[in-house]
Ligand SMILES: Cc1cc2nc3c(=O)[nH]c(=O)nc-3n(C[C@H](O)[C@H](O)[C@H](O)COP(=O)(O)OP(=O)(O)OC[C@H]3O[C@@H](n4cnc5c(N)ncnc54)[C@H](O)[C@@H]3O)c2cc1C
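Given next, in structure tokens, is a single chain: the form predicted on its own.
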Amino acid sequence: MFFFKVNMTAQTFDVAIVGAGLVGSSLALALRDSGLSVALVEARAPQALPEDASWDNRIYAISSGSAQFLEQLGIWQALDAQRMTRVEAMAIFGDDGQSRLDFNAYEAGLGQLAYILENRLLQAALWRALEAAPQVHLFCPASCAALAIATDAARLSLDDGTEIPAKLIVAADGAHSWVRQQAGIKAHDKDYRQLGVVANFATALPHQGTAFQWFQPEGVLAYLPLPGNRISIVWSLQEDLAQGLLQLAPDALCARVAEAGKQRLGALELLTPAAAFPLHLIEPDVLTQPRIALVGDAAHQVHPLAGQGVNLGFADAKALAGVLAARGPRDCGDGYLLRRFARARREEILAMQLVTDGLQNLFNQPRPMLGWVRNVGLAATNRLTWIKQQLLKQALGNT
């Protein structure tokens, strides 16, 4: 499955989106029936799904709010239900071996807490929908070469000489966004000096739709349920510890992950090789300026311990599409119009940044008093129903 490049240089688009990942693709689809002309630029041609039944080690916990948004786009219905798992419960453990925090969908009156889904399946479904959307003009593979911003429009130049004039340029091109840099928007980058290690395993014992998370002195380990007796892990570790984990033989890696998970699901068998990605907190100075809007990782990158990064991105896409659809007489790149989007997203993004950064700092401190405070806090929260409900409401993202 490959995109094609459309030569539409004579047209000034209303919106040009740079980056056709999950967030950029969903935004383009959200705008397809808006009456706006939309260009979508992506550097890499999408890869075909593998013919075997292998599992992608890039896994997302999709909130109920994000699932509703994807359903509105016609994407959720197109996904293979056999490749996703409902998270029906979550158990979070402190580093004292006793304190814990539990969430249960049934007790909260919910069908599920989240859905676990492979990145490549979701991306493939979005791409198929884009190929069937003539309203979205696809430029792929295409690399950006220059960006010029004027009062009445912006002009995106591609490396093959194609020029794309647009009223609004949307940066959906990742944490180290080229568009953000070209637009002169500065971003604070806090390097946690950690790596997130990911891999998939078969388990001896059933997970029963439960996600597990352990806060430990060396880092945060999460078990995410996959269909059948399978899990995906995300283990946030200091760089040297993570590199050591990546160098282990498969049997040794399985034993190490099972031990860190307190043998909760018994013996493990490696399904996909371990991989790792660096962890950062990235906070741009602004989300918008005239002719420019940031979404997804270009707008915010948070620590993965809450599993909310992609859900923040989908909420960005939905909010920006809503603002543009209700723009009235203003054009899409109007600075005052774009501030509505920034205001709509500011609170949720800030809250998630504060929570994830605060937890990372709290559980990354070796001081005994802090250890006592965090474990007592975890246990106390488990007894406070109202606070647990508020945490669930934030995590579910009913956008």
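Given the structure is predicted, the values throughout are model-derived calculations rather than measurements. Residue positions are given as counts along the sequence shown, with the first one as 1.
This protein has a second form, the form predicted together with the ligand, left out of what is shown; the following refers to that one.
**Student:** Using heavy atoms only and a 4.5 Å cut-off, decide whether all three of Phe13, Leu36 and Gly65 touch the ligand in the predicted bound form.
**Tutor:** Result no, not one residue of the spot touches the ligand.
**Student:** Does Leu294 reach the ligand in the predicted bound form if we count a contact as any heavy atom within 4.5 Å?
**Tutor:** Answer no; every heavy atom of Leu294 is more than 4.5 Å from the ligand in the predicted bound form.
**Student:** Ala166 versus the ligand, in the predicted bound form: is there a non-hydrogen atom within 4.5 Å?
**Tutor:** No, Ala166 is distant from the partner.
**Student:** Does Val355 make contact with the ligand in the predicted bound form, using a 4.5 Å heavy atom cut-off?
**Tutor:** Residue-level check for Val355: no, no contact with the ligand.
**Student:** Please check if Gly219 has a heavy atom lying within 4.5 Å of any heavy atom of the ligand in the predicted bound form.
**Tutor:** Gly219: no contact with the ligand in the predicted bound form.
**Student:** Looking at Leu101, Cys144, Leu138, Leu245, which is the one with a non-hydrogen atom within 4.5 Å of the ligand in the predicted bound form?
**Tutor:** Residue within 4.5 Å of the partner: Cys144.
**Student:** Among Val198, Leu73, Leu226, Leu130, which has at least one heavy atom within 4.5 Å of the ligand in the predicted bound form?
**Tutor:** Answer to the contact question: Val198.
**Student:** Looking at 199-207, 130-138, 274-282, 252-260, which lies within 4.5 angstroms of the ligand in the predicted bound form, counting heavy atoms?
**Tutor:** Selected range: 274-282.
**Student:** Going by heavy atoms, what in 171-196 lies within 4.5 angstroms of the ligand in the predicted bound form?
**Tutor:** The stretch 171-196, when checked against the ligand in the predicted bound form, contributes Ala172, Asp173, Gly174, Trp178, Gly196 at the 4.5 Å heavy-atom cut-off.
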